[in-house]
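The chain below stands alone and is given as structure tokens, in the form predicted on its own.
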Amino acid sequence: MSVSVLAALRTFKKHALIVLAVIVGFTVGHLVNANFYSDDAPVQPIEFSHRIHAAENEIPCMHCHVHAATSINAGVPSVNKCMNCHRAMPGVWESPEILKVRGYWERSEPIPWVKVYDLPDFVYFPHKRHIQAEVECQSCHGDVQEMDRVEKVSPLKMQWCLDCHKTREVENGRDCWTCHK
């Protein structure tokens, strides 16, 4: 082969590697964005309306999310907790969504809720610290009490959290180890 053909092949390989690296980078970026920063309102296995429960029936957040004040996770209520209320409500006992809840209860299966907010594993976010600091749930989650389907309203990205900590003058609020354990 001539020198010019070899040079052309080397240039082609170099450009092909660059194109491949760009494609891989975009693919990884898209997957990370889709898994950690999606702004969707995921379809849930039960069409649970926070509007009906929290606004119309005035059930406080902490009634169902009992672990928020004592744990790093807010938690979701057990099927038993749902059934304890709904067994006492004969008017809705046969509604399609309650029948789904009953199905999980009768099979002794947890409801496979889809997380709306899912932080990466390298982020330490204690709900209890925020509850103790009297940060309203709506500060991060929006007006959930008005939502028929919960949607992500806050990005929960690092700068968003840092801005809040700065505004509220949180002690050690911008120290890396506060959120990254």
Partner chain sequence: MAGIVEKWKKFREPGYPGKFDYHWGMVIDLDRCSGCEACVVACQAENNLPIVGEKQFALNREIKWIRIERYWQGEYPDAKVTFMPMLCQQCDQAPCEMACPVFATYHNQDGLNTQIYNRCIGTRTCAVYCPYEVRYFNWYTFKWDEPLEQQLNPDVSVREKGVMEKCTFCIQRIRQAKDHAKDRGGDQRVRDGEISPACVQACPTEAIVFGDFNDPDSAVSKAAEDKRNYRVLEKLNTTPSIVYLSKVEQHG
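Numbering follows the first chain given and starts at 1. Just so it is clear, the model here is predicted, and its values are computed rather than measured.
Not on display, but discussed next: the form predicted together with its partner chain.
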item	value
Partner-proximal stretch of 42-50, 146-154, 60-68, 129-137 relative to its partner chain in the predicted bound form, 4.5 angstroms, heavy atom	129-137
Distance check, residue 11 to its partner chain in the predicted bound form, heavy atom within 4.5 Å	no
Residue contact check: residue 169 to its partner chain in the predicted bound form, 4.5 Å heavy atom	no
Residue 124 within 4.5 Å of its partner chain in the predicted bound form, heavy atoms	yes
4.5 Å heavy atom contact, residue 5 to its partner chain in the predicted bound form	no
